[in-house]
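In structure tokens, the next block holds one chain alone, the form predicted on its own.
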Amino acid sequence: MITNAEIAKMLSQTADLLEIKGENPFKVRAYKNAAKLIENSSKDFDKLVKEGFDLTRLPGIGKDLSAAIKEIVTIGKFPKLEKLKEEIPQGLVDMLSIEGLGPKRIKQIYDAFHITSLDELKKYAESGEFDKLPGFGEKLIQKILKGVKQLKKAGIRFLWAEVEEFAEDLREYLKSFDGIEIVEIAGSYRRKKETVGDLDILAVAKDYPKIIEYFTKYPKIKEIQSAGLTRSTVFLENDLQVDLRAVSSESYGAALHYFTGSKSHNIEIRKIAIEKGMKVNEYGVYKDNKKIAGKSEKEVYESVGLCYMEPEIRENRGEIEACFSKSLPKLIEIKDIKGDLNIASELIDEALNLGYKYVGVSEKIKRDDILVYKMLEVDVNNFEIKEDYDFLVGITNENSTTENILKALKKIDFLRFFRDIKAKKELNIDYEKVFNEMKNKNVILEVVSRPNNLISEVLIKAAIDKGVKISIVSNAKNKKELNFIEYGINQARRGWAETGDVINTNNLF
């Protein structure tokens, strides 16, 4: 069986390599759109193909793409992609991972200098040869050099929770500098993605060179890659890359929007601006070469006719359309949580101190000061109930099947999906069918907040769209882990969850 993510990755890689080759842009775009559709879909494309579903009924899937998807599902790989990899030097494929180097620019570099490796790329970037190419300014060349170095540490991504302590400590360190006005961490950290590749920090200060100098003296820095007048790049003790950019207060909002991303969201905003005869970049919003906005993100959005959108939902997954239709969600906040239905029994007093009205534990306990539910956990693949309980929680593992889950849904009250983010392991099931049945049986989706086991925000949104309620739980084994619920809240917000979608926002459950 093959997952949607694997299918989407093959189609996306095919699009990039076709673009490097200079193929028809309409064909390239078709592959990219199909990859995005599949990646964000709750439908199991492996199952659709095996059941004989006509994929051309789906938007953006034509006859050729349908055949490609069937080929991927049937043999587990895409021969067209394999052939492209043989035709295109591996070095050019590696360059796709460098910020600022899309397929078009890679083709431009190859056509001009026949560069086929990262070492050659670094050599030409340092020699000044790229100055001869249109569009290759100093900023892009620095991105290329930074990207080459990053690829030496290839593939390093950190759980959001692993980065949080470093990020917030660094934020406080910078805020303590005399003359600093604003410090904000942008990028995927601000969007609260489950994993983070690096940190982008923006700062507004009276004396930019001094804030850069102060930044590079941060005690947890292992290596300083660059330290310019308004920008510096360092690597921390844990190999996390941090970029500090000093920006003006007049451009702060535009820079925050630009560097928060996502890239796909920003592209759509720029398209809307262009249709209105405007230009949006990291310095501001311009009309007829006159700057009309840029001080705040709200100002940037409003200047192009849009409403402010929370960072967590800026993924180009319908948030712009929801803005136009005035249907953006009012996202859940941690203060909305009234109880935690998955904690160790010895933490009940700690939960009471947090103001919780009820908790869920693994044993029957009677308390007068807080409502305690017994949550009995069972394996959905095979279970036999031999004890009393208040609620039955079905637990999946990597071997769980759609069939077993559907059978379990007839008896359980909550369902927890298996996922191991670091090991890149998750269920390969028909989520749409499962969510439909969960709605029919009133089974609640348990969103476990442990950083490595967070369910994908795409699936949270798909469940909510089907009318499935969710429960955000810490799964805490000790006092510190009670705070894990913050990570579940982050993921729920990315899945567009409102208080009405979450059962433990009610005072009484």
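For every residue, the number given is its place in the sequence shown, counted from 1. Only a predicted model underlies this, so the values are computations on that prediction, with no experimental measurement involved.
One more form of this protein, predicted in complex with 2'-deoxyguanosine-5'-triphosphate (DGT), exists but is not displayed; see below.
Against 2'-deoxyguanosine-5'-triphosphate (DGT) in the predicted complex, the set Asn342, Arg419 and Lys425 makes no contact: no member has a heavy atom within 4.5 Å. Judged by heavy atoms within 4.5 Å of 2'-deoxyguanosine-5'-triphosphate (DGT) in the predicted complex, the contact stretch among the candidates 93 to 101, 110 to 118, 191 to 199, 334 to 342 is 191 to 199. Although the partner is absent from this view, Arg270 contacts 2'-deoxyguanosine-5'-triphosphate (DGT) in the predicted complex, with a non-hydrogen atom inside 4.5 angstroms. Residue contact check for Pro311: none of its heavy atoms lie within 4.5 Å of 2'-deoxyguanosine-5'-triphosphate (DGT) in the predicted complex.
The closest non-hydrogen atom of Asn381 lies beyond 4.5 Å of 2'-deoxyguanosine-5'-triphosphate (DGT) in the predicted complex. Remark: Gly147 does not count among the residues lining 2'-deoxyguanosine-5'-triphosphate (DGT) in the predicted complex, judged by a heavy atom distance of 4.5 Å or less. In terms of contact with 2'-deoxyguanosine-5'-triphosphate (DGT) in the predicted complex, the residue from Gln142, Ser232, Ser400, Asn266 that brings a heavy atom within 4.5 Å is Asn266.
This chain is displayed alone, yet in the predicted complex one of Trp160, Tyr431, Phe414, Tyr258 has a heavy atom within 4.5 Å of 2'-deoxyguanosine-5'-triphosphate (DGT); that residue is Tyr258.
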